[in-house]
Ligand SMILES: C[S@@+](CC[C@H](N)C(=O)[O-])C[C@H]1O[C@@H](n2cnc3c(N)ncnc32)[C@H](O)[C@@H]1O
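Okay, so here's just one chain, in structure tokens, the form predicted alone.
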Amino acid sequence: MKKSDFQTIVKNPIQRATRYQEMVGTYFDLVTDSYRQHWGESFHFAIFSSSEPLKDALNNTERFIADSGQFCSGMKILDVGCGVAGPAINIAAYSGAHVTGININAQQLEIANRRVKEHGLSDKIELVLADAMQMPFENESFDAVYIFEAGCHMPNKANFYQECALVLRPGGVFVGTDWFTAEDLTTEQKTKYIEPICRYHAVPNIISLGDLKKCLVSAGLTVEVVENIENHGNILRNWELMDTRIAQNIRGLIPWLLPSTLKMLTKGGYALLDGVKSGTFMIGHWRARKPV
């Protein structure tokens, strides 16, 4: 897709939903190298316990999700939106479970497959090119499903969570972290704070934690936890690190001469910062289970 076409799509909420496959695929074609260089191999925010390095906090956040889902050897687990397999590699090695990762972006999957082989985990991790809105798996194929900030890229959240529930076996657990809004935002707040986040990060829309709970229940799952992930540690340090790294990336560059992708990431970073500071945006965590 041409960058001009991509920019046209991300500016239009309707097109972001109807053309999400092209949009999300192109977005990650553009940003993957920058994400890897400036954030790491796991494309999500971290829970910090103290002043530990970002890499350690990311690993610990992934292990927190594995512990929340009680992942263990013998389990078959689905990683939705696996990126370049950062979480999958960590969780498979940590828990001993078999992880199947799906991703809509072929470029990321190529990198992910290479990294899985480098870590000697080809017997523990399988990667599949697929759209999470139409999963290519039989019903009740997995003991657990997890997400790290990938559901926000799905156009119809209720349908997406239904897909996740369908591939879960009875008794299976669905856990993850994702982007959410505060409850009962005004139209003005959504326009000022949420729409820029969606536009700069190729996100069709963002729902609230309350809406998440409704979607999980509607999908037939029993909700055990729905919460702001701040309950488990320091999240604000992500924004501090982001602010610092944005400044480092653009230091010495004239703003209007920034490469277009860096400009998009810079504006997107500040949109997230604005959302957090205004209290309109948060990272949420949930755990739900399919009834036996």
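Treat the numbers as computed from the prediction; the structure is a model and nothing was measured. One-based numbering along the sequence shown.
The form predicted in complex with this ligand exists for this protein as well; it is not shown, and the discussion that follows is about that form.
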Legend entry - Contact of Tyr20 with this ligand in the predicted bound form (heavy atom, 4.5 Å): yes
Legend entry - Phe148 within 4.5 Å of this ligand in the predicted bound form, heavy atoms: yes
Inset, instruction - Please check if Gly83 has a heavy atom lying within 4.5 Å of any heavy atom of this ligand in the predicted bound form. - result: yes
Inset, instruction - State yes or no: in the predicted bound form, is some non-hydrogen atom of Leu272 no more than 4.5 angstroms from a non-hydrogen atom of this ligand? - result: no
Inset, instruction - Could you spot which one of Ser95, Asn105, Thr100, Thr181 gets a heavy atom to within 4.5 Å of this ligand in the predicted bound form? - result: Asn105
Inset, instruction - Have a look at Leu185, Leu209, Ala130, Ile197 for me and say which one sits with a heavy atom within 4.5 Å of this ligand in the predicted bound form. - result: Ala130
Inset, instruction - Spot the stretch among 36 to 44, 230 to 238, 49 to 57, 263 to 271 with residues whose non-hydrogen atoms come within 4.5 Å of this ligand in the predicted bound form. - result: 36 to 44
Inset, instruction - Just give me the residues of 1 to 31, first to last, that have a heavy atom within 4.5 Å of this ligand in the predicted bound form. - result: Tyr20, Val24, Phe28
